[in-house]
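Given next, in structure tokens, is a single chain: the form predicted alone.
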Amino acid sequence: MPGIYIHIPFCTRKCAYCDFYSLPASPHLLQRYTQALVADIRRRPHGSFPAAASVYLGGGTPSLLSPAQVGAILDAVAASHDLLPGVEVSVEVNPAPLRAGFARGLAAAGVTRVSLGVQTFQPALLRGLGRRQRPEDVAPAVHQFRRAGISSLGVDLVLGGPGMTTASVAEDLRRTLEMAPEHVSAYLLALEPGTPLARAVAAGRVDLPGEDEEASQYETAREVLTSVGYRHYELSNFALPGHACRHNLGYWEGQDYLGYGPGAVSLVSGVRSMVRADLYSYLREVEAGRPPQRVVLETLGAVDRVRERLLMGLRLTEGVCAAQLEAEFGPEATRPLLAVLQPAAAAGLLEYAGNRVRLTGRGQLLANEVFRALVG
């Protein structure tokens, strides 16, 4: 399921744990960027990129855009790309008070799925993550999107953040389920090098939960959500039937994707590239009628592609079809990497079901150990 990713590189304030490229926004800059993005999408040659199953506006904070700006971007995508019937169109939204008509405007622009970056409902824990939002704004935002007819609503939660406990996670899950979202993401916090939170932890100013506590929080999320009908389809993601995030599934299944905007990454026919992460360079190039500067990050050979397919595909609870990998990339590229996984299988972290290899329940808790074997 190939997808199209569009990066909106603006935030009102950068979160302490975030390493995505973003800058402060202004109304003028948002409009200028929208116009450049539309021109870039309409102008760029796309060759034989297949019909896309998903379009995803991420960031940054895409909800800083107006519905009209989102609509202009989506119109450009539809005019320049083949899109499959029923294409999933997702927008990340911060749960701040919504502007009048915002939810209806997104629905009218063609948005079918909204992902709310809740993280936690507890003010002290939000401050520990460097977020300013108010938990009381979440339910009204959900209500407005429901009234607007958005057919799929996701809530993103963080586990393992400063001050978080199994009890706090259970409370966040309780409040999440009160809103009955179709999708819940529960991500263990990853310390990204160079972020304010990573520096604070390294300096001893902030403590994070230990491994046992993180495991307890993760198991709590898994047990609570699956007990009420959510399917645990990826390490950190749970969905009601028919509501798995199609765009992210494309990444985990090894599909090609196109990225637009500064810092956006593409993977097309084994070549991974990135638009230079510099907003003003991007604006200058596009406004002058030139393609934005793009850097080739790597060209993946057969072994690299098998490794990546395993690293991404083992995140899925259904795992990876080993026979399909061998048919696609050949036994010479596939079998040595499958052999690398044998110690993990012997340790009970992996299991085989027919031609599929997948993480066990214990392996999901220790997934990084399996992944390190693949990249080591």
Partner chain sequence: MQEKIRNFSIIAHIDHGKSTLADRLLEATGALSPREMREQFLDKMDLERERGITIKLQPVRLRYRARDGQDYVLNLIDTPGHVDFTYEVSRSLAACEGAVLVVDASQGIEAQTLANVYLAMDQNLEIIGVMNKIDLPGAEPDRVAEEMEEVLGLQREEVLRISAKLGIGIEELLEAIVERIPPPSGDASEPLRALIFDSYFDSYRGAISYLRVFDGQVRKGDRIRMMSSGREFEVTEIGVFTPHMEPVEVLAAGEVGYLAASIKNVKDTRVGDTITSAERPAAAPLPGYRQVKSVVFCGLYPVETSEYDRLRDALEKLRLNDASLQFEPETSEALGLGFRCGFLGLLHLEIVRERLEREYDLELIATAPSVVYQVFLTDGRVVLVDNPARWPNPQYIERVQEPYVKAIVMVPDEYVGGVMELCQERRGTFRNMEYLSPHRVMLTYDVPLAEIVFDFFDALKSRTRGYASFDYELIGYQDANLVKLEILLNGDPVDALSTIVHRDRAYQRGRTLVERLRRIIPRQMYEVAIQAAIGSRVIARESVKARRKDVLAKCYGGDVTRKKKLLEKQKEGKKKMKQIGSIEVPKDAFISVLNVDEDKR
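These figures come from a predicted structure and were not determined experimentally. Residue numbers count along the first chain shown, from 1.
What follows is about the form predicted together with the partner chain, which we do not show.
Within 4.5 Å of the partner chain in the model of the complex, a heavy atom is found for none of 122, 173 and 232. Contact with the partner chain in the model of the complex, defined as a heavy atom within 4.5 Å, holds for exactly one of 258, 89, 244, 215, namely 215. Proximity to the partner chain in the model of the complex, defined as a heavy atom within 4.5 Å, singles out one entry of 64, 316, 333, 311, which is 311.
By the criterion of a heavy atom within 4.5 Å, residue 272 is counted among the residues contacting the partner chain in the model of the complex. Remark: residue 102 does not count among the residues lining the partner chain in the model of the complex, judged by a heavy atom distance of 4.5 Å or less.
Although the partner is absent from this view, residue 25 stays clear of the partner chain in the model of the complex, with no non-hydrogen atom inside 4.5 angstroms. With a 4.5 Å cutoff on heavy atoms, residue 347 counts as touching the partner chain in the model of the complex. Residues placing heavy atoms within 4.5 Å of the partner chain in the model of the complex fall in a single listed stretch, namely 296 to 304, out of 296 to 304, 93 to 101, 122 to 130, 277 to 285. If you take 325 to 345 and check each residue for a heavy atom within 4.5 Å of the partner chain in the model of the complex, you get nothing at all.
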